[in-house]
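Just the one chain here, the form predicted alone, laid out as structure tokens.
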């Protein structure tokens, strides 16, 4: 299965991108191209919903790392939701995404992002 990318409209300063299929040497450049305007926008958090992702290669991990680096440069975050076990294992092995930023569902990721933003608004952000 080729890579399928669905970019939802932004919600506040957060945006969700859902991936399905294979993220590999044949598809990572398409993801990079589609994420470029998202990462150049004013969002502060990006939820990568990997529920439909079946395979990720080192090129795909690089794309996720590249997105994390782009948002981190301006204080933002990329979190991963719904990874299938084989994808979560890859992230665990390569340490591209801290395991505390990998969530079982988009709802869980949204709750984390909401809590993080509330901490910033209350002046309790220690990152």
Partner chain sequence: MHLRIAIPNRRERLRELADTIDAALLAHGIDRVLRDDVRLIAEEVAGNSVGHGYPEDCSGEVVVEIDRRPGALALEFRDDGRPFDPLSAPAPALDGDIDARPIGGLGLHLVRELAHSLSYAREEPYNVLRVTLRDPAHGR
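Quick caveat, the model's predicted, so the values are computed rather than measured. Positions refer to the first chain, counted from 1.
Here the subject shifts to the form predicted in complex with the partner chain, a form of this protein not shown in this document.
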Go through 43, 94, 88, 36 and name the one with a heavy atom inside 4.5 Å of the partner chain in the model of the complex. 94
Within 4.5 Å of the partner chain in the model of the complex, heavy atoms considered, which of 114, 108, 24, 13? 24
Can you check whether residue 51 is within 4.5 Å of the partner chain in the model of the complex, heavy atom basis? no
Is residue 61 close enough to touch the partner chain in the model of the complex, meaning at least one heavy atom pair within 4.5 Å? yes
Contact of residue 56 with the partner chain in the model of the complex (heavy atom, 4.5 Å): yes
Hey, in the model of the complex, does residue 74 get a heavy atom within 4.5 angstroms of the partner chain? no
With the partner chain taken in the model of the complex, which residues across 66-80 come within 4.5 angstroms through any non-hydrogen atom? 66, 68, 69, 72
